[in-house]
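Given next, in structure tokens, is a single chain: the form predicted on its own.
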């Protein structure tokens, strides 16, 4: 029996399969590195995330899970609304556009996390904290969301929908004031194969499609120290309020591979035409983060420096069959962050933070792919409310809210490529814009 498919080229059909699920705009990095996970991370612009006792520590600093042995169950919602614009200075075969919003695709995630002391599983009275954190796009409806394509009009390197976020880890104390931890971030590599016979009108028969996704585990290791507990022989000591931490995260990538074989009787006989597509659907660089915080009574101040190794992405994109012609260049960057947390009373606390993130994209021209990326200033603000005796529940409840604003500095790019009728395309543009992020969470502490 012959099946009728819309009259589209076979290559378009294969590109559709490549997405495995719904196609959506997506940036290279993940929600956790671009914005933050929980409201407290978003509010501090991730400057205090190394010292957060919430379940997001599973990603930012699994060693800090050991600092609070209470169990915790967290649910939250996340909404990021970018407005990424370009102004054109004209070019060859280029449309006239000014202030065009090139991408305003929101990222909307539902978040769930849990942490628990697993010491009851052992014969020893030594706390071993386990944490789990997951985020699913489109408020839980979309586990894989990305698009890999060339774009004459330009496309932003960051923002957009993000794929599934999944992280789990453990933390424990090893000596006075010193905690260690490790976790695994899980990404997916998808493979699809297709064989078919087709005619030039797009009618196919004898189709066979197979899709498989393989989890890839990426390690995170961490250590933190309370200087007073470790270095002081007696208490109180001025270093009791000083904490330091260092965390290493290996690089992570999502990858999709498609192998297709098509036979068109009378045009492409057996063994048919082989088409192979291999593309990176997301990339998080190798990251080393070091930071410190100090407690001044009700005020807590923290600062971190985050080294991100983006240069590895150059080699990865050389093996990407969609972007390999672009000759993109990347540089390693250091992101400074500083934040404050003020405890107004036993129940209410406020958090704020700022950061400056330099663009890792060195290229101002990337043939046909035409990536756009900007230096940006990040400002966060939020608060938390602890309800010690909530109605119905037997345990305290914490409500958190976080807001974050991204301001993208204007940057000039030269876009190049070819039009559908194989004519040269060239355009000079200025890219800029901003992004607003809102997040809320509900946490039961037990």
Partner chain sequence: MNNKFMKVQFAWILVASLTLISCGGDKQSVVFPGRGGDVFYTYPDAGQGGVSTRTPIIVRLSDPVTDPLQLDDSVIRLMQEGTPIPTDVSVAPGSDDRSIVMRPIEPLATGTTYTVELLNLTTTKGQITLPNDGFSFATALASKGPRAHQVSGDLFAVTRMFPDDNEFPILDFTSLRFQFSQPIDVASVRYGDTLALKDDEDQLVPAVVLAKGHYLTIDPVQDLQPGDSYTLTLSDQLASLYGATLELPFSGSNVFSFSPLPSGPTEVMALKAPASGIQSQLTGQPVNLVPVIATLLGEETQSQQQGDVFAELAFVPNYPVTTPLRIARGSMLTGDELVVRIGGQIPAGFNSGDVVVQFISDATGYLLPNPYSTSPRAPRQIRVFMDVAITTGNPVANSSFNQDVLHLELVGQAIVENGVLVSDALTVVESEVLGLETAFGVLSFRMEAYADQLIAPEPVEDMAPPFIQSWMPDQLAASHRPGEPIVINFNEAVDPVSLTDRITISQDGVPVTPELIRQDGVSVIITLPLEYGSDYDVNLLDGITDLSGNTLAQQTLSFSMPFYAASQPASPVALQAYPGFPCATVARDLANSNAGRCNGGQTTDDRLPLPLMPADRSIQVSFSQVMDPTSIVAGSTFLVEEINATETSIATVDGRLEVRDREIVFTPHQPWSDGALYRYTLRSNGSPSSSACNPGTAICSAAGLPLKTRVLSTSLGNTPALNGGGQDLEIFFRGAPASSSVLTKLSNLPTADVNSNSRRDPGEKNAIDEPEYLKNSARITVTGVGGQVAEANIGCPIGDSCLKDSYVYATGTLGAEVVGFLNADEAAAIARSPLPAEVANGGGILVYLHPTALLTSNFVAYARTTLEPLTTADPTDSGELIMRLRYQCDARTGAAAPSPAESTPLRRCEPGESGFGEGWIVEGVEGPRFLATLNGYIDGPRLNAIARVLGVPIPLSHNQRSYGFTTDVRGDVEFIDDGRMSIALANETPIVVLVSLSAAGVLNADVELTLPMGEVVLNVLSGSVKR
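The model shown is predicted, which means the values in this text are computed figures rather than measured ones. Note that the rigid core is defined as the largest set of C-alphas that superpose within 1.5 Å between two forms. Residue numbers count along the first chain shown, from 1.
Omitted here: the form predicted in complex with the partner chain. The next part is about that form.
Taking non-hydrogen atoms only, residue 314 never approaches the partner chain to within 4.5 angstroms in the predicted complex. Taking the partner from the other structure, the partner chain in the predicted complex has a heavy atom within 4.5 Å of a heavy atom of residue 152. Using a 4.5 Å cutoff between non-hydrogen atoms, residue 98 counts as a contact of the partner chain in the predicted complex. Looking at residue 331, you'd find every heavy atom of it more than 4.5 angstroms from the partner chain in the predicted complex.
Note on the partner interface in the predicted complex: the residue among 79, 126, 298, 176 having a heavy atom within 4.5 angstroms of the partner chain is 79. This chain is drawn without the partner chain; in the predicted complex, the residue among 350, 211, 288, 200 with a heavy atom within 4.5 Å of it is 200. Although the partner is absent from the chain shown here, 273, 399 and 439 each have a heavy atom within 4.5 Å of the partner chain in the predicted complex. Segments offered: 358-366, 231-239, 201-209, 158-166. Contacting the partner chain in the predicted complex at heavy atom distances within 4.5 Å is 201-209. Along 374-388, these residues reach a heavy atom to within 4.5 Å of the partner chain in the predicted complex: 385, 387.
Core-superposed comparison between the shown form and the other one: the Cα of residue 266 travels 2 Å or more. In a rigid-core overlay of the protein, residue 233 has its C-alpha displaced by under 2 Å between the shown form and the other one. Taking 2 Å as the criterion, residue 100 counts as shifted between the shown form and the other one: its C-alpha moves by at least this amount when the rigid core is aligned.
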